[in-house]
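Two separate entries follow, structure 1 and structure 2, each one form of the same protein chain as structure tokens.
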Structure 1
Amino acid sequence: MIAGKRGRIILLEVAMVIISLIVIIPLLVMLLGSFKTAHEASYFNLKLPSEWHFDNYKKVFEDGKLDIALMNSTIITVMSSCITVISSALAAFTISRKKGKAYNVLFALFSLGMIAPFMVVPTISLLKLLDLSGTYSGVILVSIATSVPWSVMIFTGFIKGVPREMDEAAIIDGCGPYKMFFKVILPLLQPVLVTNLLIITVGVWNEFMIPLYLFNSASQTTMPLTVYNFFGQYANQWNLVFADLVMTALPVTLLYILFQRYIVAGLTSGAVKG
């Protein structure tokens, strides 16, 4: 009986490992391909490169102007995700603590942002009116606006689980509202804060539609946009295309590997129970 159960577990383990190859193999083809010659890469297989061409990356950086794209993506991602997370933590705190119709309406308004599609033309027209067209600020503000609803939702779910006694203790100790939030509540929100920061960071980094519509000069490209431009330029040189793909995917993948346990923990405590 015990042996039977262990046998089943081993069988399941083997099956899951085989299934995971469906995910691993394409990614491996991309990674290996980025070190090959154009000819070798065009076979799209799992053979190791006959010679490791690290200079593919150098070429991609120089010809594809990846340094500018990397900087643009970093500025936009860091600014958007930090402002989103802080502003939505603040908003979620008051919304989930206060009672009254107005706060339910506010919550519903934020929920609306999750289902309403991004309105391209009015947004562009608005940015033109505000003289923010084609600027970092424009892209950052729009990215924040589209991320805030999700962020508020995840925070609200979590904050409902933080006992009010915490607030009361802080108030008795003589904290004002700001001190209470930043010194007492925010540290308690740490797990969901990290999850949120990760999810928003990944989302903004990978965003394609917003910079595609809102940026229009070559110096304003972001990493995901380089992929498309690069492919148009080097359609037959898959080694270079793969190198660009790896460069776009690498930063967020590393970030995820470093912090992955927070994602599961944060989703468990926030989203699913909330």
Structure 2
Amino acid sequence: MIAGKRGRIILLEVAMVIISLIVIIPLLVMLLGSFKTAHEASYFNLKLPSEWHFDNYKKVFEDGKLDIALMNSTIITVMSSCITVISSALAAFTISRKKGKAYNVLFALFSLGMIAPFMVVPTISLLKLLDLSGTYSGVILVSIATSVPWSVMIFTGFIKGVPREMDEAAIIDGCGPYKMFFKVILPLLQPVLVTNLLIITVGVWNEFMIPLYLFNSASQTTMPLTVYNFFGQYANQWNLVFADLVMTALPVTLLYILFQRYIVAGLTSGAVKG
């Protein structure tokens, strides 16, 4: 029996190594290709560059105007993520603590938002009606709308695990609803709050479709859209495309590495309390 268990563990480890290689190999091809010549990068292999071309990054940064794209992505990501997290936490607190069919229906509507696709034509029509077409505010609001359903579900599951006795104690101490939320509930949400914030940040930063359809000016290009532009402009120069991909992925990759432990802790605590 021990031998059988050992064999299953080895098979599982082999499977995990193979799955890891499926992810790691393309990343290495991209990273090495970003330092190669256009001819070398076109082979998509794992060979080291004959000569390391660090100037590929300089060319991509200058020609692709990544400074503007970086600023646009930062504005959209920070605003969308912060507003999504705070509004979702407040909504989840209300849904979790209030009783009645109206709140169950509200939670069901948020849940439906997780499977509703991004409808381009109705969204553009609505933004034109609100005079938000082609604006940062319009893109930020749509990004928030697509992120809120998942965020509300995560927060609701966590808050339902917080004992109601804590609410009663806060009320006895003279707390109103908002003071109770910010003084009592919000500090307890820290693990799932950080997890939510990081996942939403990565999602909004990498979002491609929403800025593509809703922005209509080159000055509003975001980091993922620069990849699209470079692919069209330098279709035969994969070294520049790879360099642009690396620079686009680098900020969120560093953010994920720095706060990875909070993501695991938040998901685990949310699962236990939910």
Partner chain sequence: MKSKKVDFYPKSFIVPAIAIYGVFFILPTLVGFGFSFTNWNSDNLTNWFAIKYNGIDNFKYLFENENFNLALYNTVFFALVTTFLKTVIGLLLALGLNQPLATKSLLRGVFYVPNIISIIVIGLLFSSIFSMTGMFNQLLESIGLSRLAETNWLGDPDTAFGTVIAMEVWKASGFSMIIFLAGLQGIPRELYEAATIDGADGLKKFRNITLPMLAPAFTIAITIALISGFKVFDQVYVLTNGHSDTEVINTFIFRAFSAEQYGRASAMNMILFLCIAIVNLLVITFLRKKEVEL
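Only a predicted model underlies this, so the values are computations on that prediction, with no experimental measurement involved. Note that the rigid core is defined as the largest set of C-alphas that superpose within 1.5 Å between two forms. Residue positions are counted from 1 along structure 1's sequence.
Of the two forms shown, the one predicted together with its partner chain is structure 1, not structure 2. With the core fitted, the CA of Glu13 sits 4.3 Å away from its counterpart between the two structures.
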